[in-house]
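To begin, one chain is listed below as structure tokens, in the form predicted on its own.
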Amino acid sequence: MPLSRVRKEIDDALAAFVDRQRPGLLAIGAELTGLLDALDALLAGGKRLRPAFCYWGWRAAGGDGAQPGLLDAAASLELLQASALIHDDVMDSSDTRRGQPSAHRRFEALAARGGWSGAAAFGEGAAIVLGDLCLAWSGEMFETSGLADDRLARGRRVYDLMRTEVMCGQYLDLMVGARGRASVAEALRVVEFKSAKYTIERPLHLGAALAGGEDDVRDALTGYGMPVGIAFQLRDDVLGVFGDPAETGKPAGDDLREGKRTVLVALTLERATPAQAATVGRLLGDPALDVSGVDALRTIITETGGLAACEALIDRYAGEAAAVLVDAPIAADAQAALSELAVAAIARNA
């Protein structure tokens, strides 16, 4: 199945599930329209990478491309991702997501228009509730996908592990942010658990487990998935500083205002002079950082060689994944699709 068709099927499955849930929420009260509107807006965007990797993990392990229920199970990962994004935006105080107001800002605006007290607190609280709802629905969508019970049992172990790992990764991310420092190794550990495993390796494992894949397939998917996942997040770090807002959907330099202790920042500080490090320490994490401040940090990241070092890491990890894929014991169509997905994940502008 072409990648574009997989995405369309995932979109359809996701929309159908939310539509089935809609009457139940509205029966509780018309006020819940606001909750559904925020979810609809968030789900309208996204690359659908996790469901796509799940599907091709299934195919890599010999699964039938027309298996009923598979794409519903894969699409449930998009609800898990929605939960993670909503909560992440609250933690980071992010104003935008996918080119529009983040969920907590959307709810804050709703409260402000209504003249309610504590609009900001309501916005954050409502967003946490929506994130929790998405997390619950992700499990429900997986369990009611229509796949056989034995397949779901094999997949459930991976699904549970994935949810645990991403939350541990989020905790590590919060911790290095609160400490105000992270070595390259520490930043890479956050990448491994918050992004690489969650975005690529575990979705591949989930698909393979649902298909009853053998250990050699799982090992090959790890050998391919982890370096692609790390390169994916490193590309995200670069775009968070140098990306075009029209492409990324977030203001220029937003990661700098949020003070994210990324691998890119760690590589920069490794190479910085004391004066450059002092400037980074003064500007990074300033929520009022203006264009000149963003430009100053971009200049330091470039002049120290931090950007070049990060790009070199991206190239290295991409090469490792490609080398593993050549000899992977998987079907030719899955091999070709995974090669294409690696490019989509790494060589992107948003």
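Counting begins at 1, following the sequence as shown. What you see is a predicted model, and the numbers here were worked out from it, not measured in a lab.
Omitted here: the form predicted together with a further copy of the same chain. The next part is about that form.
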| Check all three, E140, M167 and A178, heavy atom within 4.5 Å of a further copy of the same chain in the predicted complex | yes
| query | Quick one: of A44, A308, L32, A323, which gets a non-hydrogen atom within 4.5 angstroms of a further copy of the same chain in the predicted complex? | reply | L32
| query | A246, A278, M91, A109: which sits within 4.5 Å of a further copy of the same chain in the predicted complex by any heavy atom? | reply | M91
| If we take heavy atoms and a 4.5 Å cut-off, which stretch out of 155 to 163, 248 to 256, 70 to 78, 264 to 272 is in contact with a further copy of the same chain in the predicted complex? | 155 to 163
| request: Considering only heavy atoms, tell me if V18 and a further copy of the same chain come within 4.5 Å of each other in the predicted complex. | output: no
| task | Would you check, heavy atoms only and a 4.5 Å threshold, whether F122 touches a further copy of the same chain in the predicted complex? | result | yes
| request: Would you please decide whether D219 lies within 4.5 angstroms of a further copy of the same chain in the predicted complex, comparing each non-hydrogen atom pair? | output: no
| query | Would D149 show up as a contact with a further copy of the same chain in the predicted complex if we use heavy atoms at 4.5 Å? | reply | yes
| task | Select from 126 to 140 the residues with a non-hydrogen atom within 4.5 Å of a further copy of the same chain in the predicted complex and write them out in sequence order. | result | A126, I128, V129, D132, L133, L135, A136, W137, E140
